[in-house]
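Given as structure tokens, the chain that follows is alone and in the form predicted alone.
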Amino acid sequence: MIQGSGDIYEKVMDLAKRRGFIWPTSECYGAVAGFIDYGPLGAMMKRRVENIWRDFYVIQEGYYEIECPTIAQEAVFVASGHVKGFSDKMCQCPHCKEFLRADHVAEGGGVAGAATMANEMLAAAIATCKCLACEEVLGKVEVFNFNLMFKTSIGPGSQRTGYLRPETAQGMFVDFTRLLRFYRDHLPFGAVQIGKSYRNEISPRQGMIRLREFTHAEAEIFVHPDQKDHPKFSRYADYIMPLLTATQQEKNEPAVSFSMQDAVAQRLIANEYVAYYLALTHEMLVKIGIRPDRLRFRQHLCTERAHYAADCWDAEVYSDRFGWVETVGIADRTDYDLAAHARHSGTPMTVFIQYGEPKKVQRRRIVPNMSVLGKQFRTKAKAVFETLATATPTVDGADIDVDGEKIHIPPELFEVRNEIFEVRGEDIVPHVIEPSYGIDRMCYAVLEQAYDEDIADGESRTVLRLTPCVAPVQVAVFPLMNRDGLDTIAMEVTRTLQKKGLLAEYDDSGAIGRRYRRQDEIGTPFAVTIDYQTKDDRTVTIRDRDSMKQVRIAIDRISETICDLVNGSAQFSSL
């Protein structure tokens, strides 16, 4: 079997283009970096990955999916901070005129800490680095910030500015009050969204790893700020997985495996919610075919974590070409997002939390002498009453400010009362736990780790060892010969499998060995062959792609058996 090698990327992409997984977009006009087309097999595999994500978040977790436009008005991204701060540091090569990400140039030249450098300091640091395009030494360059959002206009005349969304999250934040009503005003609750996001990357050079249009799958889970013990934490409390904590990174130590329960108890992970979704993500990535030995979870260092985040982790998958690649991010974003949208929109984004028992609270209330003050201030009386109610009086009275006018209210014109109120609850701004998945990066990782080469019947074989749940074609059906009624039986078997919701491909072209190789190369996990014995005893053979072993089974059990093999409730070795 092929081992990790530097040229595996070329082999994977060659197979992907040749067999219809991934193509360069608008290739006949000259492909544009950062955009790809999913071919017939790639689109189907991607849908299977997306639906596994839905199985975890919609079916298992019970978070309903919503769908928002991919374009939003400017005010949304002003509130979120994207208009002001969603940018990368950029420079232009003076030799080839290519625009480059300055931090990538620094990384290639061995300059550390580029992300935290001021633009002038970074420009000086990369002056001796080579251009990533033409490999000339850059020399004197200017580093400046480049906003990564695609800007557009909404309606004719460019009267309203809009942006293509750089993430799916903001739609769920601005829909918070609607979602709160849908979930009957109870915390915790969550919503998920999967769809296209857009980032105008400066110089994307990493194929499916860095795209300008990509598929984003995000969950926004709204929780009580003081109640971050996950109600289902027992599901993953004993789940063990590798964690690369901030402390280990600072000491240059490797990742260490912990149970989620121990990681929370030792305060390596901020709370049970973050730990729960770290484990869920690990389980999901392994399910779609990511090898555990090529998967780790890295905690953000304090220098890279957002100032408002309580904790943040990246699921990183190891690639032979790209090294450790961030594929999923899981963060406790506190109340930053809801508070920002409430502040900019003027819409309260709070939840009323009712106390188990009403609380008795003593409050001071200022009662104005309305008859006297009303006559004295007339049109300003209402504003005076409202301002006085929140004032801090002294024995000499109260000084208030009404529309910029300083007013002194003598003590005989109001009364201060200390009253006992019954408080039944309070309004709180929920905190947000956000798992964010890059579906395209997951798909590339699946393809790279599934790619293999071995020897079959004395010949070299290229095979995609895709897990059955993500394989685009789930079963192939072959008549041994295209005559004597074998083809008729094979077509009947194909239709029976298709009625069970399986993608079954009928193939009667060429020698049986060649047909096996074609299906092995696109990752089809099982093949059913109809031969002359089928006509005698109504049995067929099922072939396993990975072991190339075959077993005979009754034809009336074929659809049930293939369904069990695909969904994982049965293993081929048990047949």
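We call the rigid core the largest set of C-alpha positions that still match within 1.5 Å between the two forms. Throughout, we count residues from 1 along the sequence that is shown. Just so it is clear, the model here is predicted, and its values are computed rather than measured.
Another form exists, predicted together with the RNA; not displayed. Remarks below refer to it.
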Taking a heavy atom within 4.5 Å as contact, would all three of Glu136, Phe352 and His431 count as contacting the RNA in the predicted complex?
no
Though the RNA is not shown, can you say which of Glu142, Asp238, Glu253, Asp457 has a heavy atom within 4.5 Å of it in the predicted complex?
Asp457
Answer key, the RNA contact in the predicted complex at 4.5 Å (heavy atoms) among Cys68, Met44, Ala31, Ile52: the residue is Ala31
So, Tyr532 and the RNA: in the predicted complex, are they within 4.5 Å at any heavy atom pair?
yes
Indicate whether the RNA has at least one heavy atom within 4.5 Å of a heavy atom of Arg557 in the predicted complex.
no
Quick check on Ile59: any heavy atom within 4.5 Å of the RNA in the predicted complex?
no
Find out whether any non-hydrogen atom of Arg538 is located within 4.5 angstroms of the RNA in the predicted complex, and reply yes or no.
no
Given 460-468, 443-451, 416-424, 117-125, the stretch touching the RNA in the predicted complex at heavy atoms within 4.5 Å is 460-468
For 418-442: residues with a non-hydrogen atom within 4.5 angstroms of the RNA in the predicted complex?
none
Under a superposition restricted to the rigid core, does Lys89 display a Cα displacement of 2 angstroms or more between this form and the one not shown?
yes
Shift of Phe182 between this form and the one not shown at or above 2 Å (CA, core fit)
no
Shift of Tyr355 between this form and the one not shown at or above 2 Å (CA, core fit)
no
Output row for the Val105-Asn252 CA distance, |change| of 3 angstroms or more in the predicted complex, reads farther
